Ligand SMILES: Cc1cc2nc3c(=O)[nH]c(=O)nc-3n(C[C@H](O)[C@H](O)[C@H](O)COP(=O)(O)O)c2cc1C
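Single chain ahead, by itself, as structure tokens, in the form predicted alone.
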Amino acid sequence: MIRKDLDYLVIAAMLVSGLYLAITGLLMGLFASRQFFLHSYAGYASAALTGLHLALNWRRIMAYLRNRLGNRPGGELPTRKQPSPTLTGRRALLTSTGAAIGGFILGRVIPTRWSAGSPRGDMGTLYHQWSKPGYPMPLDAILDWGASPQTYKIYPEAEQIALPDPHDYQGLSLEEAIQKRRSIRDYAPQPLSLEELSRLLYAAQGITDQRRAFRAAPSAGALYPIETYTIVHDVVGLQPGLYHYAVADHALEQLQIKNLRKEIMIAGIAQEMLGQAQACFVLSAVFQRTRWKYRERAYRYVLLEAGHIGQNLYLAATSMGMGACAAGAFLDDELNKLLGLDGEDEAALYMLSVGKRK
């Protein structure tokens, strides 16, 4: 009896661990979580329980295999013993209990988060509803949102080019810049100076408080998930190509030397301003910088920050007598490939062209 009882306990434990694996796997997919509380350990437990179950029933398994392989005289199988009512009842109880738990979780928790909006809403509507504060969050305590990554992205192998001091210029007042700001798509064939590029990058994301490392644009929790890439077409002192803004050093990291007018226009769905401008700025996001702290609200905050930076670039360009135009329509995969991004951990969000007004 002890052996049978142990076998029944192993079967029950296998059912529980299997249900947990299935449910947590589904939740990880729905919540885009890389890990779930004890998910991997449940997998190890399931494997160990399977081995134990095989060991407890090894003789029965081997006898079955011998019979199936025809070692029994006449090739007949023994009459199968009908399961006892007690065993059947236990299995039914375990199955129904597992189904009840799974149904409760899937029916009460997940729909609360995903079905709050209109049934005709797109994924953006669903995300907006799902990320609202105040909804029941019983899973937050056990979902693993990952650790905080590095604040600054660096390219250690890239040549670094120092930028001029951005503080030695006084342009239009804030009120005048706001009044005159427009989206300008046509540019004169006149290069930008390195000083002008320096001021644009500083206005976008430059460090304005050295002690606390605060930047020109606001960021949720001062986590700064946005990275700025510059595609240089015509800037005095710089070769055409792709550069990364090293915020901490107020410098450019040279990533690729090449005329990229054609590539940026292909990625930008043939928007001519991207090829005519003297420089194009691409804002990407390292989502985990915000996600580890703000969880389901992270994507909202990252997009808001990209908007802040874009407006700073607009106003800085206007203040210096230049034109700027934002572009939200682009081929994500093509643009990410151009920048060397994976499109998941870090992805392009926003583009802005800048050039001299005609």
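Residue numbers run from 1 along the displayed sequence. If you're wondering where the values come from, they're calculated on a predicted model, not measured in any experiment.
Here the subject shifts to the form predicted in complex with this ligand, a form of this protein not shown in this document.
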{"query": "4.5 angstroms heavy atom contact with this ligand in the predicted complex for M273", "finding": "yes"}
{"query": "Contact of G328 with this ligand in the predicted complex (heavy atom, 4.5 Å)", "finding": "yes"}
{"query": "Exercise: K258 in contact with this ligand in the predicted complex, heavy atom 4.5 Å", "finding": "no"}
{"query": "Proximity of Y301 to this ligand in the predicted complex, heavy atoms at 4.5 Å", "finding": "no"}
{"query": "Contact residue in the predicted complex, chosen from R182, K262, R212, H167 - any heavy atom within 4.5 Å of this ligand", "finding": "R182"}
{"query": "Listed range touching this ligand, judged in the predicted complex by heavy atoms within 4.5 Å, from 45-53, 289-297, 319-327, 58-66", "finding": "319-327"}
{"query": "In the predicted complex, residues of 336-350 near this ligand [heavy atom within 4.5 Å]", "finding": "Y350"}
